[in-house]
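For reference, the chain that follows is the form predicted on its own, supplied as structure tokens.
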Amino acid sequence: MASGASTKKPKKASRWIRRAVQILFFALVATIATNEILSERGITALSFVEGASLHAICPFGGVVSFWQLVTAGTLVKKVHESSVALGVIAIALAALFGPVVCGWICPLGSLQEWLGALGRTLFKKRYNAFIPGRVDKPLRYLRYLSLAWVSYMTIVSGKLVFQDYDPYFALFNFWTGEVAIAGLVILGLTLVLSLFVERPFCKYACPFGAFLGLFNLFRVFSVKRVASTCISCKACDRACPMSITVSTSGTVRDHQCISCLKCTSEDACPVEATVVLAAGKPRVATTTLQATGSEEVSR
């Protein structure tokens, strides 16, 4: 057997599991949205998703309804009880594992990532490097302004004001005529920018991502780098869709981490048990050798 064939790094199962989960949720949300519109138009609905709607399965609607639910005992208009339950689940998951909803479940995030793969093919190393770092870093805090504005306006008006600007809602309703022009414009910009910047809406504008990102500061299970076995190849940095510098971190506490795990030894890192998801101090595998990792990277 040729040496190149014997040293080729096998594709790891973790990336395919995540991709399968992303496709599953994208297809599920698309089916629910389509079924809802068809039902409203008197067309026979699919029984297994009958009664479900985009608003009913959106956890952010539940999050922005918490204030009104606590103070008035009612929900914001169009928000369902199921949204509150899903909001609680999303918060619990974020407290344990970080924003897994963003990295594994959100259909809009997945679509941006898939378009980003095309952008990476078109622009190679230039992809995701069009915005200078000195501009990119402060732009990432804009999503907290978005969160503050959406939360304030929802509390004051008692309405789901973000719907008119939400590219997620526009994505699954653009063909119905019920989407505001602003939503369509933001969706269009998001899709086009995804060819140049990885997950642009997630990085710069998503209010729900901003909310869940706060849990990165104290989540139980975090992405951790074992310095003693790290070979400084920076494969973890290159793999991160949110452009987080993992290679110099002990524990990744960046507010933009989406818990996609693409940086870990289960995916990008070539050294076993070096970049891992763990609570507390990660255990160093006894079979891991820096020299072995260095040889694999060089090949």
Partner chain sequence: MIRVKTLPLAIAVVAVMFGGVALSKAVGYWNTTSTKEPAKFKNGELAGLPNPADIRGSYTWLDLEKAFGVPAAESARAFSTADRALDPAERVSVLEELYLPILPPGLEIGTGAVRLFVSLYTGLPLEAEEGSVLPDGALELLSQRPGMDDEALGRYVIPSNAPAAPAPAAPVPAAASPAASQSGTSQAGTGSGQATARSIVGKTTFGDLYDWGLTEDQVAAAIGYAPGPRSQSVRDSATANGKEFSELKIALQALVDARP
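Numbering follows the first chain given and starts at 1. Predicted, not measured: the structure shown is a model, and the values here were computed from it.
A second form of this protein, the form predicted together with the partner chain, is not displayed here; the remarks below concern that form.
| field | the partner chain in the predicted bound form: contacted by all of S14, K78 and Y152, heavy atom 4.5 Å | value | Yes.
| said: Exactly one residue in C230, A52, A268, V29 has a non-hydrogen atom within 4.5 Å of the partner chain in the predicted bound form; which is it? | reply: Only one listed residue qualifies here, and that residue is A52.
| message | Quick check on this chain: which one of L86, L191, V179, I131 has a heavy atom within 4.5 Å of the partner chain in the predicted bound form? | response | Contact residue from the list: L86.
| request: Among 68-76, 117-125, 191-199, 135-143, mark the stretch whose residues have heavy atoms within 4.5 Å of the partner chain in the predicted bound form. | output: Looking at the partner contacts, the answer comes out as 68-76.
| Distance check, I105 to the partner chain in the predicted bound form, heavy atom within 4.5 Å | Flag for I105 set to yes.
| Contact of A56 with the partner chain in the predicted bound form (heavy atom, 4.5 Å) | Result yes; A56 sits at the interface with the partner chain in the predicted bound form.
| query | Would E272 show up as a contact with the partner chain in the predicted bound form if we use heavy atoms at 4.5 Å? | reply | E272: contacts the partner chain in the predicted bound form.
| message | Can you tell me whether C236 touches the partner chain? I mean in the predicted bound form, with a 4.5 angstroms heavy atom cut-off. | response | No, C236 sits far enough from the partner chain in the predicted bound form that none of its heavy atoms falls within 4.5 Å.
| task | Quick one: name the residues from 110-141 with any non-hydrogen atom within 4.5 angstroms of the partner chain in the predicted bound form. | result | Read in sequence order, no residue approaches the partner chain (within 4.5 Å, in the predicted bound form).
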